[in-house]
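Presented below, as structure tokens, is a lone chain in the form predicted on its own.
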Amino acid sequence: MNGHGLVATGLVCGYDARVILKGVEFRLPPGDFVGVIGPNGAGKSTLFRALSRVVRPWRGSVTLDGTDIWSMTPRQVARKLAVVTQGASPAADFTVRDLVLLGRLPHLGRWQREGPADNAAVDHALRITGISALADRLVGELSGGERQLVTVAQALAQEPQYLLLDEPVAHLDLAHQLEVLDLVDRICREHGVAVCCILHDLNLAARYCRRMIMLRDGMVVASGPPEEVLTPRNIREAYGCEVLLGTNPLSGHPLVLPVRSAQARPSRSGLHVHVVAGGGSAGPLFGLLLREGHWVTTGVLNQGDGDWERARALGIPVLEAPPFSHIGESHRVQLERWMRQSDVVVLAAVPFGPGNLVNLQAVLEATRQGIPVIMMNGDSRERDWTGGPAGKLLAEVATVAERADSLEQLVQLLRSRTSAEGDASSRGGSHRTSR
């Protein structure tokens, strides 16, 4: 394997005086499936042009099985490497077979006509892509998904060892996206063709790619298996958005759920909302508050708690305690300080036991300090796992807190409070604590 593969080392290149790629390292070993991901303008297509001998590097090198591609002729490169470009638009007046046959050009000499081996390669490509029945149809009569399969078949007719695809499922519906990527995956697994694919859909990339390289501003943010690359921190750094990361229950691959832009900070009238959560009680509450434009904090939560994991995934500041430990008096002091800095405290439908009773005591103290508290609906008796003390505290909080029986009602209460604070601010009467 030494020296084999499509390899970029210290790749620096661009257009005119504009640098696009800044020292990129890349490797596509034989038989691998690598995904290239990153936001618009990250340098993904430029990387593909450099890998396919379209853009010459300013510094660094690209080698194909140990040979610098710029010491090879385009025909020599095309015998090993095929490219399906973004938005490829096959000639409408060609038949499918004639268009796929063009993939044999790298194997033909000047003025040489195709022979039995070439026709066999075309038949094989049509069969692999499942479009043999379309061979005599005009390309212009085909659907978008069918045309994309034709471009893949043309690339396969080259009999490449390496296949580069630049956004092969752009503008395709879900069924055709899966059809094309299932085909590419099968080509990789069953025929040993190494595949490198630019994909915008991170969940599709996680499903099909064995390895990923994430670009931002022409540099590599992360590379490795999907579970190592697709982390909230990496996605935030590359894409500038907050995500909730889970696991696809069917495939076990990472599942990325976008929440909001990391640049979308709360509006000037957005509230600082401190959420008392735990045991998964916050559910969709965190994401809802962020989408409404509020600045959210939470805690005290034990490390490993479901709400702790959700808050961390969303980039929400968490006041935390060690796993399975009682929340102590030192945490209570910190929690009360966080609550005093907030505009409103939301008490989720948290069950309280001896380990987290301090949180409820802090909520009651917040009401005494005049901090608005909104209490999510929940049976106090079902939430009391202390044998009485928690129930009494909940009942006392309920006498002074606003109640929200649903998330919709919570949203309305917060919007009303936001409007009221905005009016006070415009009159010069706002006294909200600076964040």
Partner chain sequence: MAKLRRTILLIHLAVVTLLVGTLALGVGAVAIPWIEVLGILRRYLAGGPLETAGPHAVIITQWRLPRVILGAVVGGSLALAGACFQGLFRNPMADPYIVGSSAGAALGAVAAMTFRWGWGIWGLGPVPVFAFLGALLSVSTVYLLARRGGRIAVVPLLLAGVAVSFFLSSIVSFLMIWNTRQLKPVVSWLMGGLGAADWARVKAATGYGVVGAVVLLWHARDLDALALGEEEAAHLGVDVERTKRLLLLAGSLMTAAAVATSGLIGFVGLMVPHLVRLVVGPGHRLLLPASAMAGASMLMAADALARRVLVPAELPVGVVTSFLGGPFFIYLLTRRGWR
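Positions refer to the first chain, counted from 1. All figures in this text were calculated on a predicted structure; none of them were measured in a lab.
From this point on, the text means the form predicted together with the partner chain, which you will not see here.
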#### Entry: Stretch from 349 to 357, 303 to 311, 246 to 254, 104 to 112 whose residues place a heavy atom within 4.5 Å of the partner chain in the predicted bound form
104 to 112
### Contact flag, residue 94 vs the partner chain in the predicted bound form, heavy atom cut 4.5 Å
yes
### Query
Taking heavy atoms only, is residue 161 within 4.5 angstroms of the partner chain in the predicted bound form?
no
### Query
If you check in the predicted bound form, is residue 154 within 4.5 Å of the partner chain, heavy atoms only?
yes
### Task
Although the partner chain is absent from this view, report whether residue 75 comes within 4.5 Å of it in the predicted bound form, heavy atoms only.
yes
### Message
Exactly one residue in 289, 327, 83, 195 has a non-hydrogen atom within 4.5 Å of the partner chain in the predicted bound form; which is it?
### Response
83
## Note on the structure
Partner-free chain; cross-checking the partner chain in the predicted bound form, the single residue of 395, 407, 400, 54 with a heavy atom within 4.5 Å is 54
### Query
Which residues within 390 to 418 place at least one heavy atom within 4.5 Å of the partner chain in the predicted bound form?
none
